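Quick setup: one chain, the form predicted on its own, written in structure tokens, and binding and motion questions come after.
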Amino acid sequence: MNEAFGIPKDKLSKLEEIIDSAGRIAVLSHMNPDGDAVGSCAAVASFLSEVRGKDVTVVLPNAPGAPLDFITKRIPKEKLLIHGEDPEAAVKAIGEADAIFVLDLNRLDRVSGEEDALRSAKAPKVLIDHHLGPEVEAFDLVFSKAEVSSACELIFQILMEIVGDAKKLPPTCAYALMCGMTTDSNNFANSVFPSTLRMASALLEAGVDRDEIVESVFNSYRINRIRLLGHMLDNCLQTTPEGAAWMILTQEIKERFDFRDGETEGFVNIPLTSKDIRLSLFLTEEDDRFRVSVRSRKGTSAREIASRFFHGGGHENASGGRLLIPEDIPSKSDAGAYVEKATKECLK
């Protein structure tokens, strides 16, 4: 293994073989793509197309939130497909690919509507991810490391093994990597390792303007987001004596505040600013389910409650999942009681 990053040389050799033998490459990530998902896809697509001359298509299950537009706009419009908007084109891109890169997810079911096409695709599949419990058997090559801030950090380490210097990365690749690392570490507030800071330093030296990323990701929301946050904290925040907190964003509240995807990013972290809260959950109503985000302090496992009660998983202090109707609860009105029961069970 390389002493700097611990990337096995045999895996790097196999990666090079897969890239060299592919003409068309599909790059995918998970449902409700966040900064790390979008950054990972944009970075890999940029490197493979601009450095290796490949025909690369990014396929996402649904559109990212508006704060990530500054990254998605760096991907050629014709090379970014949204499955929810054009499922036929998305499935075709996956089926015709000579290689498939799957980024920032550990299980194929997290790509949602693209799962069947992905599982049946004949092309070699490469996984690059930082979550625990990867579905190894579904891939031909797996790069998995939990001791990094983000999938973007792991991708950065792999690319440094290949090119040797961050200054050799295309600008889109470098910006996307910094974006993914910044968002998944909550702007260096969590999941920060020595390697994370070395990555940031190298990308800054390569010319990345981190101020632009911070301004675009954290300071470009509509005023409605502030009003929504105020409403959620004043009317929807629930707490327990055991140290749990949760908020539920219903369809009615979405409509009242003209909610747009991505506008609740970071809401789940706010209750943890209280010394009395150990575990925080944020639920978002979606058709026949709730999307669930879970965060916790050190010593309390977000991953445990996500896996035991919400069909999910992730990191020890940052996880996610879903609450299904009617599999888990009879109706949407039962979500609060279910969350209260789950948190008491995990915090007892």
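Because the structure is predicted, anything quoted here is derived from the model rather than measured. One-based numbering along the sequence shown.
Same protein, other form: the form predicted in complex with a small molecule, not shown, and the subject of what follows.
Proximity of Ser40, Ile128 and Lys145 to the small molecule in the predicted bound form is absent: no residue of the three has a non-hydrogen atom within 4.5 angstroms.
The small molecule in the predicted bound form comes within 4.5 Å of a heavy atom belonging to Ser293.
Contact check for Arg225: every heavy atom lies farther than 4.5 Å from the small molecule in the predicted bound form. At least one heavy atom of Asp34 is located within 4.5 Å of the small molecule in the predicted bound form.
The small molecule in the predicted bound form comes within 4.5 Å of a heavy atom belonging to Arg110. Residue Arg322 is the only one of Arg308, Arg297, Arg52, Arg322 with a heavy atom lying within 4.5 Å of the small molecule in the predicted bound form. Only one segment in the set 40-48, 53-61, 311-319, 66-74 has residues whose heavy atoms sit within 4.5 Å of the small molecule in the predicted bound form; it is 311-319.
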